[in-house]
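Structure 1 and structure 2 below are two forms of the same protein chain, each written out on its own as structure tokens.
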Structure 1
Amino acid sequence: MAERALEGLRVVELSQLVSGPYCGKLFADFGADVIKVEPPQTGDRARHWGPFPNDEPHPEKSGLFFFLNTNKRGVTLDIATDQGRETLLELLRDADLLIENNRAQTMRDWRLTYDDVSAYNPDLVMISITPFGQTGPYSDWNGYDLNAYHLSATGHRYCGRPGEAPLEHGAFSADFYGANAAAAWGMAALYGRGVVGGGQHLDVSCAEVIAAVFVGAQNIGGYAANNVFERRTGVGMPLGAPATILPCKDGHVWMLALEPGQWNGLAGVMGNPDWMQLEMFQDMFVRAQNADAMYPLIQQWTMEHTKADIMEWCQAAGCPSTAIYTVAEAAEQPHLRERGYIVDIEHPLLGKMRNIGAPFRLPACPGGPASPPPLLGQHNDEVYGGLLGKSDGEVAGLRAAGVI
């Protein structure tokens, strides 16, 4: 295997569930040595969240844990004990990056604030990822992706029908946005340690990231100036049409035909029905005003055809409509198979597992998941013995004391 981009970088991940582990995975994907520190016995909470084979919970068989923790080494450590804390500090002494997503009060209780750890290693970059951030009145609140996401106004503004519930996207959207920002800013902080003169602490609020870069980006300037704001409409684009999701024969399509060339392309695909020539449908803005009349007419046609046909015909005619791929269809795309995005990884309990690959390709130094997530405490001996140089007796002592 070619040398990977982040070889030589050591990351300690004191994180559970989604945000911190996904951030750690991004570093692990590109060759950093990521050591995941989990509580003894129970491990990362994600081990207890599914999907599991046949929905039977098993701490080594969580699909969520698998996806988020490939390429990492795993150790167990009871941070709440003095010995556990000392051992973690030993690990941090030679580390470049600490990624944690615990509640701020928990880190204070553990005496593992940035001030605490930077005293041991001033070059350490520390990333804290939480739903609300380290400062502000909500900083000690309990929270999950759902709470952070909806605090950002993303659902209220952009997802759902008027008068009905604002929607998350069915994913861990805010957690991923936070993890992504943490990785980019963390990578910069690591890159520039020489310029900056050492490490620093990065405080990431998942709610703040998505509120700023997605909702704030295209709403806050107008709201601040004019004191008016928009809400979700349930339609892809309320002011231009067609631009929304419609049902078709075997699922759904994203129907888009805004510019004249796109609309004419769609008309050709649909066999140039007379209604498409009417004055009331002659530009995207007028069509939006007459959307209630237009969408049923388009839908009559989409219901007769498959998403694959509609996408193929529209794309060929210069109209950017696409199929709404189910998760299965997305996974089975020939396009992604040809690009090598879907990978197989052998796991001791799960056997050959399909997984999705790196988020981007570096031709000179390829990345992506290659080794399975660690079993709970799998690398205790090689990390505590090999890396920290503890004797067999010392490791056995930690084990007997329940610290690892």
Structure 2
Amino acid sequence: MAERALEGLRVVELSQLVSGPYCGKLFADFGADVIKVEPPQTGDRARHWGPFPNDEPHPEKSGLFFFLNTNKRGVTLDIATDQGRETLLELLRDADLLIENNRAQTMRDWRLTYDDVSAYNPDLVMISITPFGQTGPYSDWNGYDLNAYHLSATGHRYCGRPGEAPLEHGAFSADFYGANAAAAWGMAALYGRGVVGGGQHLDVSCAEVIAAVFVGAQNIGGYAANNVFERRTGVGMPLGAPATILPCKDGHVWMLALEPGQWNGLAGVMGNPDWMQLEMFQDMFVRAQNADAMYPLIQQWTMEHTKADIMEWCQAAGCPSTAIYTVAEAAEQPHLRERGYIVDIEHPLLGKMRNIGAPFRLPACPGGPASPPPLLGQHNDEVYGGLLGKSDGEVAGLRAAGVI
């Protein structure tokens, strides 16, 4: 089997919930040796968030923890104790990368700032992922994904109908985007060691990443320049049509046909009804002005067909309309499974679990989740004894003292 792309890279992950663990997962799933450090007894908070089978909480059966921590080794360590801190520094002495998503003040309290850890390992790259970054008035706030998301104005720009209250946004968007940016630029910092020498500290603000990729830097910059910015439109696009969500026989479809070729392709799929042949309807702006009359006519047709048929017929005709899949349908999607994006992993307590694979493809160096997330403290003996060379008595002493 070909070596995985990040084989030989050692990562220490001192993080909980989503942003840090997902960043660590991206390294682990491509072959890096990621050692996840969790608090003794309680472990990562994601272990207690679920979802759980049969809705019965269990720290080893959390679906969130399962997804975020495949292919990692797991140890427990009380960082707040002197012994715990010294043991972590031993782990960092030969590590390439430290990933953490703790409050800046917490890292200062633990004496684990970049200045502290780089004194032990000058080549260490440290990634800090937080809602608001390491500096500024909010840097020490207790923030979460939604705090970062809405600081960026993304909720006001996208979520909800125009003229009504903005809506919240779920799915840890800010955390996942922050983690992806952190992984990409963490690799750049590792590359930089060979170019300029030495490690460095990567400060990732999830709010700033979201501001750039969701709300769009052009909106914030545009408002700063001339007080103009784009506003949320609710469902659909007001300036061109068809561009909206419509019901169909088994759910919903996103109907999009703006360019003349797309519109004529859709007309052909629908049997070229007379009203679609009107010359004025070759213009998407004119169609938008007549959307209230046009959408019910299209809906009559969509309600007669399934979303899969509509999508396939439209695709063949050069029209990019698409099915809107539910989560359950996406999990069974044959395209995703054929690409290896849906994988099965055996877990000692959960049995065979369905999971999603790596979101990137490196055919020469395969990646993706292959082993389940660690049980709490599963690799304590292996890491502290085998990797750090501590005797059985020393490891037992750490355990007896509650450090691990």
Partner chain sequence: MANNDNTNPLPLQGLRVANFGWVWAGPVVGQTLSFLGAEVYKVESRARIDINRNLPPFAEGEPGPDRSLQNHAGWAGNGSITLNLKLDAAKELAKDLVAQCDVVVENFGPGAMDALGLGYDVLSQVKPDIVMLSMPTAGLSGPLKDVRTYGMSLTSLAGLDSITGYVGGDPIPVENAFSDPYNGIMGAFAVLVAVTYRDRTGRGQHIDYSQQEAIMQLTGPAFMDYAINGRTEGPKGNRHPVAAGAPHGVFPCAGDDRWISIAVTNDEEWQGLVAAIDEPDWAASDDFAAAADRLQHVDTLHEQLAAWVAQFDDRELAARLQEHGVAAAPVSDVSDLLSDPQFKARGTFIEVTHPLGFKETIYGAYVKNSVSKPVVRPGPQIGQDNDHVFRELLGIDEARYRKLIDDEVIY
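In this text, the rigid core denotes the largest set of C-alpha atoms whose superposition between the two forms falls within 1.5 Å. Residue 1 is the first residue of structure 1, and the numbers go on in sequence order from there. None of these values were measured; they are calculated from a predicted model.
Note on provenance: structure 1 matches the form predicted together with the partner chain. Comparing the forms between the two structures on their rigid core, the Cα displacement of residue 320 stays under 2 Å.
Fitting the two forms on the rigid core leaves the C-alpha of residue 237 displaced by at least 2 angstroms between the two structures. The Cα position of residue 120 differs by less than 2 Å between the two structures after fitting on the rigid core. Overlaying the rigid core between the two structures leaves the Cα of residue 275 displaced by 2.6 angstrom.
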